[in-house]
Structure formats: structure tokens, C-alpha cells
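A single chain, nothing else alongside it, follows as C-alpha cells in the form predicted alone.
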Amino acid sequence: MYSFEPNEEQQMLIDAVGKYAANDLRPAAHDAEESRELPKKLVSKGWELGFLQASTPEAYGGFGERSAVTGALALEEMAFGDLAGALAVLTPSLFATPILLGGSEEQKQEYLPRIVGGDWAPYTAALMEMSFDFDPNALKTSAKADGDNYILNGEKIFVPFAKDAEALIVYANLDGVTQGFIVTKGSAGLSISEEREKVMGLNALPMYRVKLENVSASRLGGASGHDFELILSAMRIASASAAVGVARSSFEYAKNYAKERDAFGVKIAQKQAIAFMLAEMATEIEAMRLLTWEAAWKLDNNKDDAHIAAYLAQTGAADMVMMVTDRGVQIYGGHGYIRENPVELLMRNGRGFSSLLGLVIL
């Protein structure tokens, strides 16, 4: 049976990330969204908290062991501050964590010490594709063996920091199975869109389209490959954790506003319609939070149904965050629709969880 009480190390990480989220990410979120740029110092400060380093063994330059539960706790806190900022800080994990989970020993030694031991650097990954029936287990991007390497063809969307990336992991269909492939900067046939993706939210996070035309790449895990289901589950749980953080943020803003706002001589929190709304928001947040923790615990303990739990957490949290952030705007009334108000940004960011798989991993 898993515990609902964080251990000492987990609590220290939660507290440190929570302070960063409240004191740094939250105050910067609005201006970053409007200017479409995150301050470099803000991202560097988040990187220095050691989120990835604490998940990487000493043999590869880190100072801890990977734990999905610990990652879920910390990511929730960071997303509570600002989703775009959290995703930016953790973008190198999109490259490093799959290597840690499924890379060959040679790949781990080549990349992990460089990423974990250095300053924040743009390493990323490309999973999403422009398809109404997108399925991470049935990708359109193809991979074909070519001696010791593989040839990739296809197009990816929503790839964070792709324009400046030193290297990226591209997920492609290899004989009906999804596998990751390491593509380095400047590879022949690799092209990155000049313009950034134009999306409803997350405008502070630079995302690009990536086109691959006969790009030569090495396979994650070497000739034997890797277990993609493990990586996908880590992405799903990360997405769910971030959604819980965003929902919590909207709920807190709405609750505090309802306790302060007067209407017809009473606080609107005393109005039954508002009180019931807040109660349902809190209930759904806690339900999805526990489901996410359970999925993370199952992943850590190699349970056979961990991938099912991860899927349920991701899909459930995507629905929950949309409901909560929408009601956050409703509780604010007309004020919630104004760009200066944080709840409207939280609703726009919350809408992305149903369609932006692969932007974060733990």
C-alpha cells in the first residue's frame, strides 16, 4: 500500500518548487504570455532546483534515483505557478528521461552527464503529429533500417525549443512499433519551421514544426530498441500532474475571489450556486490527484497495469482541468474574461491538455 505522506526528501523538493512557483513563475506568467517569451533567468532558476538531476543516478552525473511519484508531486507544484514556465524548465527531460529509461549504456554515458551536469540547454523531443486521429502507437512518421542507423521521414508538430535544440528524440513507426530515434542538430534532411506554432495558450513556450526527409538517426536503446509503453506512461502521468497543478491554481484564485466579492450584501461564496460549484471543483481535483499518484506509484513498482492507470489519469485529468478552469472564469464573471486576469490564461492553457501529449515527462 502506498503512503499519502511525502517523505522528507520529497517534502523538501515540494517546498523548494512551491516557492519557485509562487514567487517566480506566477508573477511572470502574464507578461511572458503576452510577450511570448520567458525570461532566461527564470528558466535557469527553475533548472537549478535540480528536478532532473534528482532523478538521475550518480553514475550519469545526477544525485538521486528516478521516482515517478516524486516527479508527479514536484511537477504539480511547478505547473501551479505557470504551465509554460514549468514545461520550459523541464524540456531537457524530454530528451534525457527517455535515454535514462530506454537508452543504451553508451547513449546514457554520452548524453546524460552533459545535460544533467551543465546549465539548462535546449534538448527536446518530437511526438505529436498533425492528424485528427493521432495515436502515439500508430505514428505516421516512419523509420526504416539502414545499416546501423535508421532513415526517418515525416512531420512533427508542437516541438518545444526545436529551433535551437542541440539534439532531439523523434518518435517514429518502425515496422508497426513506436520507437525513439536520436537526431542531432544540423542533420541532413532535418528542417525546422521559421515561425513558431500559433496556439490558444502556452504562447510563452516556443514550439515549432519539424520536418524529416530521409534523416539518418540512431535508435534509442541501440539495435534492440526500447519499451515505448514505459516512456508513454511517464508522459501521460506527467501530463496529468501538470493538469492538477493548473486546476489547483484556478480553484485557488476562484475560491479567494468568491470569499472577497460582495453581491447583494453577501459574499458570493455564500451563494449556493457558487458554493456548490467550488465544492465540485475541489472534489474533482482531489479525485484526479489521487488517480495520478496511484498511476505514478504503479509505474515506480512495475505493476502490470501501470500503463492503464497512466492513461486513465491523463484522460481524466484533461477533462477535469477544463471543467475547473472554465468554472474559474465563470466565478469571476465578466472580470474572468479580461486578459489581465490570471484565470483566463489558466483556462486557455487547460484546454491544451487534451491534445498536447508529449510536452512533458517525469
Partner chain sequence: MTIDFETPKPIAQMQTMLQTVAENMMRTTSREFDENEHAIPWGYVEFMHTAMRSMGGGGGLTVTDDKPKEGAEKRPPIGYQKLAAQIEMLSWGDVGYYLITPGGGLGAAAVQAAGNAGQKAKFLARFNDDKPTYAAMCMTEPGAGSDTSAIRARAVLDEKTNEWIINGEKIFVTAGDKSFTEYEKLGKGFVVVWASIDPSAGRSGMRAFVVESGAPGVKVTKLEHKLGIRASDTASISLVDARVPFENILGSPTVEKSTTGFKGAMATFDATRPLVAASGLGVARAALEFLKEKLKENGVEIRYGLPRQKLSNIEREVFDMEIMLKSSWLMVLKAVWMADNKKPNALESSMSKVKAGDVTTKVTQKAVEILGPLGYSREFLLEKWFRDAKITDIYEGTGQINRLVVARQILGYSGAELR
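All values reported here derive from a predicted model rather than from experimental measurement. Numbering follows the first chain given and starts at 1.
Below: the form predicted together with the partner chain, not depicted.
### Message
the partner chain is absent from this chain, but in the predicted complex, do A275, A287 and E294 each have a non-hydrogen atom within 4.5 Å of it?
### Response
Affirmative, all three are within 4.5 Å.
- Message: When the contact criterion is heavy atoms within 4.5 Å, does V69 count as touching the partner chain in the predicted complex?
- Response: Yes, V69 sits close enough to the partner chain in the predicted complex that at least one of its heavy atoms falls within 4.5 Å.
Review point. Can you check whether F251 is within 4.5 Å of the partner chain in the predicted complex, heavy atom basis?
Key: Flag for F251 set to yes.
Please run the contact check for D175 against the partner chain in the predicted complex: heavy atoms, 4.5 angstroms, yes or no? Output for D175 is no: heavy atoms all beyond 4.5 Å of the partner chain.
Worksheet item: Would E37 show up as a contact with the partner chain in the predicted complex if we use heavy atoms at 4.5 Å?
Response: No, E37 stays farther than 4.5 Å from the partner chain in the predicted complex.
Quiz prompt | Contact assignment for the partner chain in the predicted complex, among H30, K303, K45, H335, heavy atom within 4.5 Å | solution = Selected option: K303.
query: From the list K163, K211, R114, K255, which entry has a heavy atom within 4.5 Å of the partner chain in the predicted complex?
result: The residue from K163, K211, R114, K255 that makes the contact is K255.
- prompt: Pick from 54 to 62, 22 to 30, 304 to 312, 37 to 45: which stretch has non-hydrogen atoms within 4.5 Å of the partner chain in the predicted complex?
  reply: Only one stretch passes the 4.5 Å heavy-atom test: 304 to 312.
Stretch 120 to 139 - residues with a heavy atom within 4.5 Å of the partner chain in the predicted complex: Contacts from 120 to 139: F132, D133, F134, D135, N137, A138.
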